[in-house]
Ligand SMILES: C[C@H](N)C(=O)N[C@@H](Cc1c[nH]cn1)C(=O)O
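Shown next as structure tokens: one chain only, the form predicted alone.
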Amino acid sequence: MFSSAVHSFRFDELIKYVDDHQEEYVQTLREWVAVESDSSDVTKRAELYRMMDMVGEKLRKMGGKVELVDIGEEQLPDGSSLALPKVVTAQFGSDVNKPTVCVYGHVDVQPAQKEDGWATEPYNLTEINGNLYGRGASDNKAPVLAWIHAVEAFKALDMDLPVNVKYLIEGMEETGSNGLDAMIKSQKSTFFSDVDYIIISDCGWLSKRPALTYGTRGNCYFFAEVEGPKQDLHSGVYGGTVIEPMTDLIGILDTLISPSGTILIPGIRDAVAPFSDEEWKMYQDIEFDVESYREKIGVEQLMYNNKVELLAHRWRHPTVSIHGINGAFSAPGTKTVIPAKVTGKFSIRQVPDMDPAVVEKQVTDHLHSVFAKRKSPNKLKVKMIIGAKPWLADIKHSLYEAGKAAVKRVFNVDADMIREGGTIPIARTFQDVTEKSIIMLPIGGFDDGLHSQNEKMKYPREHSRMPSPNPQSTCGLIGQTPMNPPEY
């Protein structure tokens, strides 16, 4: 991804430097993975603060103009507050004659424990058969480091960057990027004023074929709390005499989705954009093996056996998932308890043109309606704690045309144009607030296990590289002006 205008580009020298320092790169990733930067666990907030300091120090040592931006506090369910991790921004180069690229990433992670089913300690980066296993190895610490090490290599070789590079690295993405929207809005006319492109690599390929990502689903995450007696009760003593909160909760959760996957909340699909013929044709051409997908997951049957239907319901249709129940007994062994208060956790992945505020009202009204029909004396509270919007880019934009050409030149295949079923909340904010061009360039593999056990990043020590392209004709994803189509 270098400008075709750079005729003296020392490509082979740069590649040699990267190869010679790959052990150092892995060691840095090992140090980053060792930090338990779980943004969902407030007891680990000190680790998250430390992680952001490490990112800032890494960029500062490279000579970047670094700032740790205070984005305020988080209000906790008990009414207390806790400082949000600072956002790291950095800048390398300020040449007005060059385009400016902003690389976004995050260094917080999903929860992970060995007993969840990990084969290795999740916070101890472990190499097995050419893979580096560890929480955050693919989502998103290694991709962040890849972009940082790319600039570091240029700096170490005293090579002129073909573009100005900015970084924006946050620590709350896995819980909805709390505080980041306001920060972006406040810096629209400062930090983002000279940015031409925004690049996100918080995503992965769909198959072994290289891909470019042009859309993500949103996420509305809900807590449904049912409260009954003033304390937990013995089921032998009180069972049959009280209306149990757990029974109420299971009953209302069962009204969210049918066994076949149909969402039962009235009106929830009214705003879903129609599936066009052009989109259907594009899905037909994507490399995706339904049977391999089924086997990889380890299930006997999928909801859909047709490739297009399966991808469509993974990417561009809403879905409901029930994630857990807080307050219920879940430890090994038996405990005959009637929980006094239980909270069901579920989410709705939303798609264009759904609006989180509308979804919140639809869900809240539905649950209160079905709860009222139970005529229960217990109390129900419904709260949406995440309301991240979906994001969709124009694949005909010159930035995506450049991306396709770059993939074709490097891999000698056409890129699959894919969407993500997951949520990258900040993509929509970037689009709405900065009005800059955004592209998602996946670095992680299709089988990296994001958010799952045994998350990994591929690291084959014995590897072969394609012949390096002619530096005088190297494609220029980020070396073009936004107004003109890229040239190769």
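Just so it is clear, the structure is predicted and the values come from calculations on it, not from any experiment. Residue numbers here begin at 1 and follow the sequence given.
We do not show the form predicted in complex with this ligand, though everything after this point is about it.
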Review point. Using a 4.5 Å cut on heavy atoms, which of Thr175, Ser321, Ser186, Thr247 is close to this ligand in the predicted bound form?
Key: Thr175
**Study point:** Contact residue in the predicted bound form, from His149, Lys166, Arg316, Arg349 (heavy atom within 4.5 Å of this ligand)
**Key:** Arg349
Exercise for review: Please run the contact check for Ile424 against this ligand in the predicted bound form: heavy atoms, 4.5 angstroms, yes or no?
Suggested key: yes
Check your understanding: With a 4.5 Å heavy atom cut-off, would you call Glu420 a contact of this ligand in the predicted bound form?
Key -> yes
Check your understanding: Hey, in the predicted bound form, does Arg45 get a heavy atom within 4.5 angstroms of this ligand?
Key -> no
Check your understanding: Within a 4.5 Å heavy atom cut-off, is Asp202 in contact with this ligand in the predicted bound form?
Key -> yes
Review point. Hey, of 175 to 183, 276 to 284, 206 to 214, 248 to 256, which bit sits against this ligand in the predicted bound form at 4.5 Å between non-hydrogen atoms?
Key: 175 to 183
Review point. In sequence order, which positions of 125 to 161 have a non-hydrogen atom within 4.5 Å of this ligand in the predicted bound form?
Key: Asp139
